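Heads up, what comes next is one protein chain in two forms, each shown on its own as structure tokens, labelled structure 1 and structure 2.
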Structure 1
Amino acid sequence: MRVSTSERTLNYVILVAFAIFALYPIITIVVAALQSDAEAPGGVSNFSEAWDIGRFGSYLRTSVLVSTFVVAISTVLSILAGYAFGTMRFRGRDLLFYLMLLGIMMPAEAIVVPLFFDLQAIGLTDTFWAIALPQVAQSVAFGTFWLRAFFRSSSRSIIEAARLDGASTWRILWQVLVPLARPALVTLVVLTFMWTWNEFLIPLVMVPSNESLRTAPLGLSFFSGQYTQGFALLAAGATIVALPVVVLYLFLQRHFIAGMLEGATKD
């Protein structure tokens, strides 16, 4: 399709406008993190001050452990569930799938209070599992929905050829379909990591008194109130907390965009 010069120019203008709209808040925070005030010396020293005062090393370590566990477990479970719902026929398949979709539609605010008392009854509050397990459940619901679409649209001829060669169901999944699903899996990993990293409500409610299990976003909220009143150190802390997600996205952006575009063409 031939695109005129005026239409191409208009497209660039719109894209530049959206880029400025998206990048302006980020640039504002980074610039604010380099400024000086009564509590901040200014420059890159603000980041070391925020790191030491806010104890972000401990908070980031907890977030990394929780995010890694949630991404790993939920990705494996999503592959298995998506493969079953997308390629197999069994009684109650559609009913079970729609029940799993409730995990996407149900907001965390609606379940966090009864979930807290359930975990308290079995002695899991104030533990690593109280933060990780609810987020695994939420991520598996979306991951199953996401990968079911991929497995449903996967080529039947490839699966039939693998069966004729004597491949088992397990082998077809892990050695034939999973390598083909790499863009969809990378997109799922990036989204799950980002949602888990930014989760605030579940760590706040499930770990009410164990300070060593505070995640980075939770630590940032306490940092702004307990350790500093200045905006420069707060901006530096916010930059530190957001940096791992930005680095992961930049590292995997090509596969992430490919997976999003591929998913947009599937039902």
Structure 2
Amino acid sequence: MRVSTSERTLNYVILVAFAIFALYPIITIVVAALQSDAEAPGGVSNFSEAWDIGRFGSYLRTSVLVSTFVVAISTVLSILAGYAFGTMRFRGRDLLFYLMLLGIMMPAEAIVVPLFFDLQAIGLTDTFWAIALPQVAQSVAFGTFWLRAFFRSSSRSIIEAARLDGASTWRILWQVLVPLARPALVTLVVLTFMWTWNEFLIPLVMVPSNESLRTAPLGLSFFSGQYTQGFALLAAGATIVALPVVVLYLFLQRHFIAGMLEGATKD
């Protein structure tokens, strides 16, 4: 398509302006994280200072444990359920699937109140399980939907051929379909990791008094309540909290955006 030079220049101006708009708040944080003030020595040592004072070591540990657990369990469960919903027919299949589909739209705000009181009644609040299991449930709803679409579109003839060779449903899934589903699985893992890492309401409500179980975003919110005058350490803490997901995203971005868009417009 032929475009005039002036239009081209204007396009780049719009492009750069929007990129700056998108990046500016993030750059603010990174720049501030390296500056010095009353509590902050400045430079990279701000990070170790924030790490110690803000107890980010403990918060990151919880976040890593919760995210790993949620990603691992929900991915395996989603593979199994997505496979059955996508390739098998059984009575009540559609009803069960639509029930799970509700989980994608269901806001955590609606379920967190009854969950808190039920889990409190059986002594599970302030435990790892109270943070992890509700998030497994929400991730499984999305994961099942995501992988069902993939397994449905995966070639019938491949399954047919494998079955003629005498493979069981279990072997067809793990040895034939899962290797083919790798791009869809990578996108699912990144999305689930990102959502779990960034989740705020569930850890806030479910861990009212166990400080050692605070996740990174929750830890940052408490840290931000304490540091109102100096911004450098708060910014350093914010950088620490955001970094794992940002690094993962930058590392896999091409693949990740493509996979996400493909899934968003499928079905």
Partner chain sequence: MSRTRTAGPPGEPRRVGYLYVLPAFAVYAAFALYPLLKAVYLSFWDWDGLTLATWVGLGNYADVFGDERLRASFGHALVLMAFFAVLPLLVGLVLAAVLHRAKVRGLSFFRTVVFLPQVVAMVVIAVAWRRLYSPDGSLNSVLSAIGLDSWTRGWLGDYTFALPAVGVIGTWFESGLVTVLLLAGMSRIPRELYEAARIDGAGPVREFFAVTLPSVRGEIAVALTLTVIAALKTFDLIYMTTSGGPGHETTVPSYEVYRQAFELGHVGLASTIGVVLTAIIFVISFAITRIGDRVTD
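It should be emphasised that the depicted structure is a prediction, and the values quoted were computed from it without experimental measurement. For the two forms, the rigid core is made up of the largest set of C-alpha atoms that agree within 1.5 Å on superposition. Residue numbering: structure 1 sequence, from 1.
Matching each structure to its source, the form predicted alone turns out to be structure 1.
When the rigid core is fitted, T9 shows a C-alpha shift of 8.0 Å between the two structures.
On rigid-core superposition between the two structures, the C-alpha of I20 is found to move 3.6 angstrom.
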